[in-house]
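As a starting point, one isolated chain is supplied in structure tokens, in the form predicted on its own.
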């Protein structure tokens, strides 16, 4: 951890908090009353992982009042993107080559984050396996997926998602020798740090407080290229250098981000 991380739980979730404490090797503190008052009393550095009645949330202690970062599959902004027709127009779906594929493609998302892109790919029809190596972020993902099970409208989407906590590098290396290789490997490493902190999204600041930078992101590209049967797609800031200094086969640019596409083999006609 690059900065201190604290684990808190409301009394009603004490048992879950104890289990999470063991799994993450963090001391647990129970809070009563208003969570905001408890958070204000903590030093303004690092982050707090909190088991609340409504779910597991991650708070940046240097951003008081900013609210929790959590995996929320039923929120309005993401929900809008998850309609099947809407998902087909998403840039990440086009970059992964899903639109003209003759059958649903298998996609391995090596950088789960808050599951947004993985969910959009699943909504567009892909079979998505998603990994996350940070135990803290993996806990957020697992909690979000568990809560999503209570929403009938999300069950079809969840059937297209498989979450695998673990080191993406090791998983990619194992896939290269597997008979069950993904058609697409998707990489969305943490964007390079910007000097103007106001330009960095709240969740990215929280992620950095917990897991630091993706300093070894370049190491993912080579095993990703060995694992994928069709393409590797890397999400980057528009003006960022290529991952591992390797020029992509083509690039798809948006307003703030770019998708670098590395073609592994010639796709079938029309793809």
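Positions refer to the first chain, counted from 1. Since we're looking at a predicted model, the values are computed, not measured.
Quick note: we don't show the form predicted in complex with a small molecule, though the next part is all about it.
**Q** Tell me, please, which stretch of 146-154, 93-101, 106-114, 174-182 lies within 4.5 angstroms of the small molecule in the model of the complex when heavy atoms are compared?
**A** That would be stretch 106-114.
**Q** Find out whether any non-hydrogen atom of residue 190 is located within 4.5 angstroms of the small molecule in the model of the complex, and reply yes or no.
**A** Residue 190: contacts the small molecule in the model of the complex.
**Q** With the partner left out here, check for me: in the model of the complex, does some heavy atom of residue 73 sit within 4.5 Å of the small molecule?
**A** Output for residue 73 is no: heavy atoms all beyond 4.5 Å of the small molecule.
**Q** Check residue 142 for me: does it contact the small molecule in the model of the complex (non-hydrogen atoms, 4.5 angstroms)?
**A** Taking the distances in the model of the complex, the answer for residue 142 is no, it never comes within 4.5 Å of the small molecule.
**Q** Does at least one non-hydrogen atom of residue 161 fall within 4.5 angstroms of the small molecule in the model of the complex?
**A** Residue 161 lies outside the contact set for the small molecule.
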